[in-house]
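Here we start with a single chain on its own, the form predicted alone, put down as structure tokens.
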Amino acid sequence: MRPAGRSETQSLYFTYPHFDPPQDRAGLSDAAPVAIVGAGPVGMTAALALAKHGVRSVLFDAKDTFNDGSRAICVARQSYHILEDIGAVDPFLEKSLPWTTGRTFYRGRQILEFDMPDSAREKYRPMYNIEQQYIEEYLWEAVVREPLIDMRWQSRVSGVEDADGAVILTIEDPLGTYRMQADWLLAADGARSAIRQMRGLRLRGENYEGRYVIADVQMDHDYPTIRRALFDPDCRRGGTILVHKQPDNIWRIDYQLHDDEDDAEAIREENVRQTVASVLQEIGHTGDWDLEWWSIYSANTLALDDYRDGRVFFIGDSAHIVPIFGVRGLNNGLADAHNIAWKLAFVMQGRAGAPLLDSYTPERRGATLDVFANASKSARFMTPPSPGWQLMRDAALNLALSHPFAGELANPRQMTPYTYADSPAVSADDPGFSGGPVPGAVLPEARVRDGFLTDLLGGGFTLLSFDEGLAQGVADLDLDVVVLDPGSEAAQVLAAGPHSAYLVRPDLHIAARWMRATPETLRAAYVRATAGESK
């Protein structure tokens, strides 16, 4: 919502483009390898990841521009690795605001300051703030540069039918209706997914009672890029407030509604302005400000039982809805897109067996359930679901006023990448290791000469070997080989010895590792990771 007199796309800081439906109607019904429904951040990431692996896609969106409002604003370190992998990271680095620190206040007194893990060996900071309009704009710029992506705006997919080894879509746009066949369909059409409804599928899980209004204001406010959480402040007794700095002097304010507040009344402009003014007074801002945009949300933990339905895969909010606490929503969706894209590409190109696709749900639904476990804890602390939870939460906050250790209970447990330890495409760990990342985990970063370890990875599978001779026995496998110094920082981070090796997947997760690798063990792990036949 925007202030009276301004349209949905009339922003204080962002100029929304307008996109026409396809004007050249020739070829619209031509078959495509992959169709993607939804051109938000997740859908565009999927299209770019497919294109990176040489797979053509058609990307549909019913809108004529980007999503309105800042929406998702916190992008995690691992998501920046994904953005780099798909060739889109540069403008994000130029525009976004990196941050590492959060502060928590209770009744006006600071009870916690936390710092997310960071070091000189990391290529990216733990978290970046950037409005979703810019996220979509920068991904769109990358999409436009990519000849393997056919983007169609104002194009609503109104039907999905199963065919022999394909799906058939019905598409409606202002100039007409047509049908198109695709080998595979990725549904990235959000929390109210039309594709999910067409397939007769429902999200299952929990709904939390807490409701929040989110408001963006533009102001010159002298405070660093530090996440602030205010519990029981003077301006909203009994409630919780979050404050984030964004680019262009935009500040995100999330404030909890009380149980007796009506949704419709709470989001009336005059009431939003009055509440925002009281919050700004609470944080010490006495200067001018302007209201940009606002919305309302509640915390939910909902997911599909299976993220695959035949030749349809669900990614992002079409597959799961998570509470925003801990900034896991968008980041989880980008990881979905990155995961299914390489697997689909490898299977379509004959580089992997079809059973590899069966690993998508165990890996990504497993990640969702892990998010639920962590985000639910944060949600219960931020918005206690019962008087008992409220009593325990308030007791912990009161204790933190005099005992700093209790302030850690208010730590939002920021997102860390999920480890696919139980994936059918990941090998069992070598018990010879005494440390380092286990199979299924994301490859950690390390400095290598003048760059970073991730700079050395190939576009597909990569073998990181500390033994020069190992690669000769597996020269026929479809992978890149990087030989590392046993005395390097990488060896220390990976807890590697002079004969160790790591097999890294295209999505930067570790498929297998060995303290003493042999061509035979490497070959077996590669076959498992690609669901292929032994060579």
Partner chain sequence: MTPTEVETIYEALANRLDELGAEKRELYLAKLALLMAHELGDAPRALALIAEAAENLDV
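Residue numbers count along the first chain shown, from 1. As the structure is a prediction and not an experimental result, all values here were calculated from the model.
Only in words, not in the display: the form predicted in complex with its partner chain, which the text now covers.
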Q: Look at the stretches 287-295, 402-410, 218-226, 128-136 and give the one with heavy atoms within 4.5 Å of its partner chain in the model of the complex.
A: 402-410
Q: Name the single residue among 349, 101, 197, 398 that comes within 4.5 Å of its partner chain in the model of the complex, judging by heavy atoms.
A: 398
Q | Heavy atom within 4.5 Å of its partner chain in the model of the complex - the one residue of 172, 394, 113, 118 that qualifies | A | 394
